[in-house]
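The chain below stands alone, shown as structure tokens; this is the form predicted alone.
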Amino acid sequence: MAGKSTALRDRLTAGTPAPPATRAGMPPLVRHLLLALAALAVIVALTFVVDPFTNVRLATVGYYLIAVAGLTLLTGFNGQVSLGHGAFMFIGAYTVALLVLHVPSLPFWADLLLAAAASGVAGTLAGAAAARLHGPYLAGATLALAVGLPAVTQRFPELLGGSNGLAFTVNSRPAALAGTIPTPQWQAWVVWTTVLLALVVLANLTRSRFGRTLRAVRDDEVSAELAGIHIGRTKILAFVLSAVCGGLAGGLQAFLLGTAAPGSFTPVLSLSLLAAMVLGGIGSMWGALWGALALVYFQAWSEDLTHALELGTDIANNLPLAVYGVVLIVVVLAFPQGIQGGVRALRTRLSRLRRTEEGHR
């Protein structure tokens, strides 16, 4: 055990291999910023050639992406299973709604930051409790959060709008763009700019010493503690970062939909986010993108199918979840490490074939 902890300590400090971006001669932060700018340019170009409804779907993929990425940090990198991630989206959405309705003078970016901060505070409290729990006890505690928090709207209907929630409008579009850029297109820009900035932060954190600390705690808590890692503090930090991502996602959802209602944050949302993370690939930020795409487009395609086949209302309401579940089972059976694991395996196989062909020449 002593040898294992010494090796772990070496990996966390001087003996840690340089990340790929550093080997390529470019600092990871610069590389991630350039990738984010390229991705934003593609998204902006795409918004000009698709219809307004598709722009809303693009923005929906964006806020689901940051929610799944936060869950990936918590579960994939740190090993804490959360069934209540939707609760932090609830906090973010209602924080934005309350600020827009009661403090309209604040700019929208300040609303988003405060939504992230409110979710971070909630994540600190939940993380402090979760740090003492493991396995099914942790899953049960976080699920209780997802079940119980939306019910708060019934307790304070005057403030939170009860079952109907809060409806509002965010006028964040600059006056110079009014009449030239449609609202859904502007919303997609705002959502993706925020999401890509957050992803740059997450990508750098997961490649830093902190990211290695998260993985060390996930892999072996005893060895990590012997190597000098504070287990409880690391778990709480992971929970806080994950909650901040959830709060940002909820705030962006409220901005896009113009409403915050408890029906949007049921336990089904938390379970869907967890399933999206598994589908995309646990422990990979690229996997979060696959999961977000699946979450939006599997449901959209299922709805299109039900309309085309003129199925009954009951079937139409449940078919998206059924299709999503079947796809999840098939993908996990075919690629145990999710879609990103399948992409990685395909890339490895193609690389080997290319080297074999070069060897025969």
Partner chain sequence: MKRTTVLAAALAAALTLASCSGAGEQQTGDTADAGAAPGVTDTSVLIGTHQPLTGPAAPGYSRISVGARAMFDYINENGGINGRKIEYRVEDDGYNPTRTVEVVKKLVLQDQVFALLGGLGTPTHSKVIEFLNTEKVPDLLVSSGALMWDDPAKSPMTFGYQVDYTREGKIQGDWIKKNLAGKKVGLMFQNDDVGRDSQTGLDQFIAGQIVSRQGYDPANTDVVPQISALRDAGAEVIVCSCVPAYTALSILNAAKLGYRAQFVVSSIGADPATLTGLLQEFGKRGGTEVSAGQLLNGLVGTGYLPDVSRADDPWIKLLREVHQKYIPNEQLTNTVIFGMVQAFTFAQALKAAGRDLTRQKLVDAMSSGALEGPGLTPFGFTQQSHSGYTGAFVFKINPDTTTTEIQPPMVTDRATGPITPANLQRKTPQEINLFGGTS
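Since the structure is predicted, the reported quantities are computational estimates derived from the model, not experimental observations. Residue numbers count along the first chain shown, from 1.
Not on display, but discussed next: the form predicted together with its partner chain.
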| query | finding |
| --- | --- |
| Interface stretch in the predicted bound form with its partner chain - options 103 to 111, 126 to 134, 272 to 280, 223 to 231, non-hydrogen atom within 4.5 Å | 103 to 111 |
| 4.5 Å heavy atom contact, T60 and its partner chain in the predicted bound form | yes |
| Its partner chain contact at Q187 in the predicted bound form, heavy atom, 4.5 Å | yes |
| Touches its partner chain in the predicted bound form: G263 (any heavy atom, 4.5 Å) | yes |
| Close approach of F168 to its partner chain in the predicted bound form, 4.5 Å, heavy atom | yes |
| Among the candidates V201, A117, V81, A141, the residue which, in the predicted bound form, approaches its partner chain to within 4.5 Å (heavy atoms) | V201 |
| Partner-contacting position among L237, V217, I91, L256 - heavy atom within 4.5 Å of its partner chain in the predicted bound form | L256 |
| Sequence-ordered residues of 37 to 75 touching its partner chain in the predicted bound form, heavy atom within 4.5 Å | D51, P52, F53, T54, V56, R57, T60, Y63 |
